[in-house]
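Quick heads-up: it's one chain on its own, the form predicted alone, in structure tokens.
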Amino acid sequence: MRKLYQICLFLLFLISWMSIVHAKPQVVATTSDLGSLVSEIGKDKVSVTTISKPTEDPHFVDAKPGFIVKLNRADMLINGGLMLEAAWLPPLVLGARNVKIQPGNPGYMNAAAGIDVLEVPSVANRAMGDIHPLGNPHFMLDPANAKIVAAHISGRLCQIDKKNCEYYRNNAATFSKKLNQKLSEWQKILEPFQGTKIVTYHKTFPYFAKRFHFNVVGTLEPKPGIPPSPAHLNTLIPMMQKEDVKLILIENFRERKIPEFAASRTNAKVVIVPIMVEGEKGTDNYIALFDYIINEIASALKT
């Protein structure tokens, strides 16, 4: 009987040890676009959890206690950086008490590392609105930046899961090659519309506009994070008429009434797009997201 008991204990220990040894790295991403890249590179070797919903403003996320549990169990945290998640992520990381995902450790990844950041202010204060002192954080809306982030992800996965390093590197290279092919395709689709003047709701699209040669001449917000006001619209709409603005580009989590009002007073069309993977049906990965965005814009400008 004693021998049987010892065998059972050994088997339980062995099962527990094997589950630890063979457990997939647990990766938490702050946004679905970053989570999508981790899934592209890690595939079946990693488990990915996303904190923010793809249909909500990533600046403002409800920091639910359940997120602390996920972060406590994480082997890696990937965030956009540039203070995109500054309003909600730090308390979650602090509450998780997980040394692995603290800055400076292999399990912490700032996706903005190596990105050519746009709109870095020389000065920043609250009078300027909800401005980001480190620069515009919406760099994932330039597909070329996704290649930089993908390479960074594969490097970090190699650090926390050395035995599958070659697998991660190969997947990152495959993703980068596919993205290069799609980028050429997207540029060709939008080439006839280069130089088109557009207005956006928030300063979400400067990276996208630079990559595809659109000219952002204004925003519906008078200042970042400040809701549109009658006084601002009274200035913006005449400018849009004068400049012959063709497009009002807004994220799908924005209200529609004010963009539609501005469009009704100008020659512009409102185009509503997701900015995160899974933000709309058919955008279940990063490349599908850009297929959707590019086609929506091209369709609106063709008519």
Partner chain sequence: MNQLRYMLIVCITVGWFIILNTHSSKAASAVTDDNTSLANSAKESSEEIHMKADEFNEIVEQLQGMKAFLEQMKQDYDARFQEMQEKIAILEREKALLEKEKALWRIETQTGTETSPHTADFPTIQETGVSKEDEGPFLPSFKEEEEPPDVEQQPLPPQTEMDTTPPSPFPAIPELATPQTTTPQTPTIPETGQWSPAQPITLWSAGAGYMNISFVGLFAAAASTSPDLDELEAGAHDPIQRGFTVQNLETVFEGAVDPYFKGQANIIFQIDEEGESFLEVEEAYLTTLSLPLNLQVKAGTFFTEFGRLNQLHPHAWNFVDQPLVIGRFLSPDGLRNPGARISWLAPADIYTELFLTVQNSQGETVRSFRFEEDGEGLFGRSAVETKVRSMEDLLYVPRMVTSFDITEEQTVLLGASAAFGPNSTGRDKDTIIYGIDMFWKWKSKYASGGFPFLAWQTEVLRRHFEAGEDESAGLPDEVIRDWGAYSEVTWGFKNRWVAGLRGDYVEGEKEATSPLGFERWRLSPNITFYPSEFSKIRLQYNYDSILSTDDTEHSVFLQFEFLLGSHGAHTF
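Worth saying up front: this structure is predicted, and the values here are computed from it rather than measured. Positions refer to the first chain, counted from 1.
Another form exists, predicted in complex with its partner chain; not displayed. Remarks below refer to it.
Taking 4.5 angstroms as the cut-off for heavy atoms, does residue 232 touch its partner chain in the model of the complex?
Outside the cut-off, so no.
Residue 57 within 4.5 Å of its partner chain in the model of the complex, heavy atoms:
Residue 57: yes, in contact with its partner chain in the model of the complex.
Please tell me whether any heavy atom belonging to residue 88 falls inside 4.5 Å of a heavy atom of its partner chain, as the geometry stands in the model of the complex.
Judged by the heavy-atom cut-off of 4.5 Å, residue 88 is in contact with its partner chain in the model of the complex.
Decide whether residue 202 counts as a contact residue for its partner chain in the model of the complex under a heavy atom distance cut-off of 4.5 Å.
Result no; residue 202 lies far from its partner chain in the model of the complex.
In the model of the complex, which of the stretches 49-57, 263-271, 23-31, 235-243 has residues with heavy atoms within 4.5 Å of its partner chain?
Going by heavy atoms within 4.5 Å, the stretch is 49-57.
In the model of the complex, does each of 45, 138 and 160 have a heavy atom within 4.5 Å of its partner chain?
So, no: the whole triplet misses its partner chain.
Using a 4.5 Å cut-off on any heavy atom, which residues of 40-72 would contact its partner chain in the model of the complex?
53, 55, 56, 57, 60, 61, 62, 63, 64, 65, 66, 68, 69, 72 sit within 4.5 Å of the partner.
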